[in-house]
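Quick heads-up: it's one chain on its own, the form predicted alone, in structure tokens.
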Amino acid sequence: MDTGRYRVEPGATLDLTDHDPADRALFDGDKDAGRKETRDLNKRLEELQELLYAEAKHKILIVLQAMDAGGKDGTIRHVFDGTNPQGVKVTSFKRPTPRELAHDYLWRVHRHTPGAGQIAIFNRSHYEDVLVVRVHDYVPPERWQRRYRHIVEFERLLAEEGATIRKFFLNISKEEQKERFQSRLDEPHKRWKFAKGDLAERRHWDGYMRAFEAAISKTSTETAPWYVIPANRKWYRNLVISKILVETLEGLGMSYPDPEEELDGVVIA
């Protein structure tokens, strides 16, 4: 499975119309087979996350961005099923508080980055400050435009201090979003997920696509690459992201710490 097909190379200009949200080119099987493959990857991810935690040398930052109903929560729930909560933390970035707005926009983000042995998952992220602020003109263009440079430098800092960064744009179609919104309205136990404001944001779809294209093009680097993940099929989304993360962790060359000496003869009374 060559997951590199979804990676945005540094310096490349992204055109999302070239990326099919329903693509499933890397897996020939059906949904059931894909789910089984993902379960196998989940088991491997559990093993690697335990190793990461035990070695306490590397740190992983995962950024998830998508349109509303794009599947960020579902990705976290399914891809990280079974991992140890002690070593995996999720931060969801909502509308900034007055205290957060009193600082620079990266202030609220930096303290949630991973420590040694940890996986940190950002459900939305610092990228909101070149997405929603651009679409809604919350700050002048010259202000959000310079944030691309800030973000690249911020992520370079994290990488040089030992973080491995993987960023995923969950690419759904506008029609798929419509179906997911309608499902939330039609099923009483899902209505809590729906807000009327989601429809107002949907009217800005084209603006968001342009904002995502620019942000991803300008900030996909060797040390902090973006992946555009086909996300119309939830099972395929989970499969591809699981595969990328397993490959990433296996590539770190991790090993368990050496045990204390002279443990072979120890018998627990």
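Note that the structure is predicted; figures quoted are calculated from it, not measured. Residue numbers run from 1 along the displayed sequence.
One more form of this protein exists, namely the form predicted in complex with a small molecule; it is left out here, but the text below deals with it.
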item	value
Listed residue that, although the small molecule is not shown, lies within 4.5 Å of it in the model of the complex (heavy atoms), from Glu179, Asp104, Asp81, Asp73	Asp73
Contact assignment for the small molecule in the model of the complex, among Arg111, Lys196, Lys94, Arg99, heavy atom within 4.5 Å	Lys94
Options 167-175, 121-129, 82-90, 152-160; stretch whose heavy atom lies within 4.5 Å of the small molecule in the model of the complex	121-129
Any non-hydrogen atom of Val133 within 4.5 angstroms of the small molecule in the model of the complex	yes
Interface membership of Tyr148, the small molecule in the model of the complex, 4.5 Å heavy atom rule	no
Contact label in the model of the complex: Asp68 to the small molecule, heavy atom within 4.5 Å	yes
